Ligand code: PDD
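Shown next as structure tokens: one chain only, the form predicted alone.
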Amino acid sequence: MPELTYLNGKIFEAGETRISTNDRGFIFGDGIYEVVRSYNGKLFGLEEHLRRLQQSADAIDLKLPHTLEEFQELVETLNRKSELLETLVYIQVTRGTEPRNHLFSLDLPPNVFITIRALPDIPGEIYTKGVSAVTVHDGRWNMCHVKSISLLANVLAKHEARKQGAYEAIFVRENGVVTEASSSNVFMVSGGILHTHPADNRILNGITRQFILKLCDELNIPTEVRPYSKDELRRADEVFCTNSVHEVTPVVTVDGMTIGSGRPGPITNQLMRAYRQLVKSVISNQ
């Protein structure tokens, strides 16, 4: 059973699960999620992802049906059962199932949905040559620190990037401030200093983002966690995005404008290597 799905205590082959049309995640997008990557059969950053799952649950007053320790044991067990070495583990918790009503029952048991799927192929050239990005209006709600399954704005942003022939879409608010991208956090390097938006309610505090900032401390790379503008982004020496799936991805053009030399920059490459070494070290010690 390589790719599999888990729903409320039962394991199915991938694609065989049936979720009720009364599930509040389906009706309202009333739920939260996390995505964890495994390397050589071992999960990286699972504890950090589960802590953020708890933070998201607390923010929307959703009581998780398991402790974080129970979740960890469950996810690790499912990943082993899959027998796949390189996987993406999707963890979703919705408010539960009941007839459609904005006001939810206070004793409603949540639904836990987990999938274990093979990691899709990631072209190596996105790391060696870099990718393009476009900026789009950030009209999302003001609780972006919650990893909500309500991702319509992100889906449309990614679609807009595709229409413009770009790899990623970068959100910019009405005041011109860059927040994050449709499925990643954004960093820019200017004058040797790494900049990223503060981890407030405007962005999701990415797990990879957190690891990158720790690596900067270890590597003595100066950082400034502050809001910065679209104009600053376009004039940056380097730009890159981070997430758990694609790790560190260099961005070499924004809105058709070349970033730096038009190739992945030295700090980006340094952090790319350092992150991969971190993953290797952590995985080898599990």
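The model shown is predicted, which means the values in this text are computed figures rather than measured ones. Heads up: residue numbers just count along the shown sequence, starting at 1.
Just so it is clear, the following notes concern the form predicted in complex with the named molecule, a form of the same protein that is not shown.
Annotated contact segment (heavy atom within 4.5 Å of the named molecule in the predicted complex): 28 to 36, selected among 28 to 36, 256 to 264, 228 to 236, 53 to 61. None of Arg140, Arg173, Lys158, Arg117 but one reaches within 4.5 angstroms of the named molecule in the predicted complex through a heavy atom, and that residue is Arg140.
Site annotation in the predicted complex: the residue of Asn111, Ser82, Thr208, Thr196 reaching within 4.5 Å of the named molecule with a heavy atom is Thr208. The three marked residues, Asn185, Leu204 and Thr242, each reach the named molecule in the predicted complex, with a heavy atom inside 4.5 Å.
Using a 4.5 angstroms limit between non-hydrogen atoms, Asn154 touches the named molecule in the predicted complex. Residue contact with the named molecule in the predicted complex: Val189 places no heavy atom within 4.5 Å of it. Interface residue remark: Val131 is not counted as part of the site for the named molecule in the predicted complex, having no heavy atom within 4.5 Å.
In the predicted complex, Lys147 approaches the named molecule with a heavy atom inside 4.5 Å.
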